[in-house]
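Presented below, as structure tokens, is a lone chain in the form predicted on its own.
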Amino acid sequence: MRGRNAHWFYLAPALALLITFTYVPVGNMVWYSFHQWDGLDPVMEPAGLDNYVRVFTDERYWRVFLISLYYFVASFAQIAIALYFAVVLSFSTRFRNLFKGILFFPYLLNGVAVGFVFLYLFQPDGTLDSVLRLVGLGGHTQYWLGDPDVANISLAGTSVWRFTGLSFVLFLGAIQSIPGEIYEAADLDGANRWHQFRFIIAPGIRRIISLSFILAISGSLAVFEIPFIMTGGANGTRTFVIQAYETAFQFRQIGLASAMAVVLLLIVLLVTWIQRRLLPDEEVTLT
């Protein structure tokens, strides 16, 4: 009996940490979302569904979801860039290891550090403007973070630079897990690189591509670090998470902010469920 239940002894620490720091806070968040609370008063006033009604009816809280579209589109560019370089570098290429390090390095940087680096890059008369003037494109300089029509594009581009390395490593690992004998057979049949990608690599890493889309969608909905550091949500760059943060810690409306967080969690879960229904695991193979 002791040996039969021994696995629980090893799982207990991980389960305790998971429950304490994940499920309990989520449960508290759901509980707060049904109350009016400023985070300091020892008494919380019941609010029923008022916080959720406000999230869906007040334009200030749902319109910021539209900002996520910039990051959603950028995530597709990120996946395409990462997939291209993963395919190219999976074959014999000069300086392959150097390029791998260059592509993955941005993901190792702290998000705050990335925000400050690109803040200086995009500031008026900063690095980007200087480079444009150097190559004779000085007429194209503009307020990269001050113009609402351009600011979100600049921020989304920063996110692409930072997170391409993660997608690249996922794709590269999946491609390298495909047996080499398959490539050898394809070479004997006269298949070129495009044929190998279309009939071997793409079907073989379909599950990783699916995972990348899940991460892209959830990430585009939960963007926080880059716009918060670089603009603070000004000039039309306020995302849903920044709005929730300000609601909780600036306006002291913990219940409303918790309702916003619950709504975001449900949207991510719904999108993930739809994605898994469209591409279930049993239809995906890695060989």
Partner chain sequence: MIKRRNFLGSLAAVALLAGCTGGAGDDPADSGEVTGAITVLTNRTDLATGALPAYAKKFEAKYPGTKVSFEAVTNYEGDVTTQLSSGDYGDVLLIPNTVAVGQLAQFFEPLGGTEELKAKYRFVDEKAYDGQVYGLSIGGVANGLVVNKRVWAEAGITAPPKTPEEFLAGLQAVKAKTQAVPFYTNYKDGWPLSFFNSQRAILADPAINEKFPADPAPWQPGKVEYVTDGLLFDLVHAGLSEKDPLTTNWEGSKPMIATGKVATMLLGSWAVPQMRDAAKAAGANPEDIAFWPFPVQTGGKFHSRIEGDYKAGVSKSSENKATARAWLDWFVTESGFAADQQAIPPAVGQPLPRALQDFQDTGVELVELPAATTNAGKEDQIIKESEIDLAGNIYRQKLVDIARGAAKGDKDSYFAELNERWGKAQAQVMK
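Predicted model only: the values in this text are computed from it and were never measured. Numbering follows the first chain given and starts at 1.
Below: the form predicted in complex with its partner chain, not depicted.
Looking at its partner chain in the predicted complex, residues P25, F249 and Q253 each place a heavy atom within 4.5 Å of it.
Only one listed stretch (202-210, 179-187, 137-145, 85-93) carries heavy atoms within 4.5 Å of its partner chain in the predicted complex, and that stretch is 137-145. Taking the partner from the other structure, its partner chain in the predicted complex has no heavy atom within 4.5 Å of any heavy atom of S154.
By the criterion of a heavy atom within 4.5 Å, G48 is excluded from the residues contacting its partner chain in the predicted complex. Contact annotation: W37 falls within 4.5 Å of its partner chain in the predicted complex, judged by heavy atom distances. Proximity of A174 to its partner chain in the predicted complex falls outside the 4.5 Å heavy atom cutoff.
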